[in-house]
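The chain below stands alone and is given as structure tokens, in the form predicted on its own.
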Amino acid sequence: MIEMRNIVKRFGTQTVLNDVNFTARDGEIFGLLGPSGAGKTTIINILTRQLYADGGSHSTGAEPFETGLMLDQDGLYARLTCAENLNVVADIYGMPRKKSIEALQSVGLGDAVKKTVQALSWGMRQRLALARAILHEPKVLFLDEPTSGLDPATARGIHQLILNLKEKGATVFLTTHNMDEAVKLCDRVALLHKGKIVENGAPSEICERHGAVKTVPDLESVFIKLTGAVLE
């Protein structure tokens, strides 16, 4: 469903992606793990056609209108209500506005329909951004560190929403530097360090290849062993 082959990306004289290769299968949650600055957001921007690669090829297996995005900059309209923010998207896609209410209810914001974005907590904003991303029931969903900065309870709620989307047949591409999140959610992961994929596969397979078992500390220890870097 989602594929990158020999992708290279440069900004000026700096090479930020160097021969990146991976495939995310249809209907799975695929995790891209790496520390801040590793190139995760650049990969999403290339896959969603916001950036051009300088070399290689890529595909998402979906048309733009079949793709959902939840990026690090949420782009929400601060003075509009939750419902009004989603109605903008519903109108673009030619969907009935009742879908906005259904999406808000699905992320636990049914009681915040008339609240403005500027009155929301950070966790509620994250859930609103997710509701907007799934409003049109996309085939492919890109989530760029969707639980960053959230309290554990809110993060668990978003984790369950992501698992529910997978059950409905969506392919989810998730970036994170949270090993616990990756082990809980992802069918397979790729470990990214300084613009290079250093390992990929199911979390349990990666640990087994490097003499560890499927636990969060062991998966993180594998990353440190391969790169000398700590995820943070």
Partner chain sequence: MRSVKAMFVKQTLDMFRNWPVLIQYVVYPAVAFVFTVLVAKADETIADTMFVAMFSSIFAGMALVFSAMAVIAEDRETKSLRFLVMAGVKPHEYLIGVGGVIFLFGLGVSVVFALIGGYSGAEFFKFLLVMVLGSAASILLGASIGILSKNQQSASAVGIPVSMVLGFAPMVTMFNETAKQIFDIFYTQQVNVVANDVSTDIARPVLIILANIAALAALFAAAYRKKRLG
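Residue numbers count along the first chain shown, from 1. Predicted, not measured: the structure shown is a model, and the values here were computed from it.
One more form of this protein, predicted in complex with the partner chain, exists but is not displayed; see below.
Novice: Could you tell me which stretch in 160-168, 22-30, 66-74, 182-190 has residues with non-hydrogen atoms within 4.5 Å of the partner chain in the model of the complex?
Specialist: Selected stretch: 66-74.
Novice: Check Ser59 for me: does it contact the partner chain in the model of the complex (non-hydrogen atoms, 4.5 angstroms)?
Specialist: It does not: once the partner chain is placed as it appears in the model of the complex, Ser59 has no heavy atom within 4.5 Å of it.
Novice: Does the 4.5 Å heavy atom contact test between Leu80 and the partner chain in the model of the complex come out positive?
Specialist: Contact check for Leu80: yes, within 4.5 Å of the partner chain in the model of the complex.
Novice: Should Asp91 be counted as a contact of the partner chain in the model of the complex, where contact means heavy atoms within 4.5 Å?
Specialist: Because a heavy atom of Asp91 falls inside 4.5 Å of the partner chain in the model of the complex, the answer is yes.
Novice: Given that the partner is absent here, does Arg97 sit within 4.5 Å of the partner chain in the model of the complex, heavy atoms only?
Specialist: So Arg97 counts as contacting the partner chain.
Novice: Any residue of 41-69 with a heavy atom within 4.5 Å of the partner chain in the model of the complex counts; write them all down in order.
Specialist: Residues within 4.5 Å: Asn45, Thr48, Gln50, Tyr52, Pro64, Thr67, Leu69.
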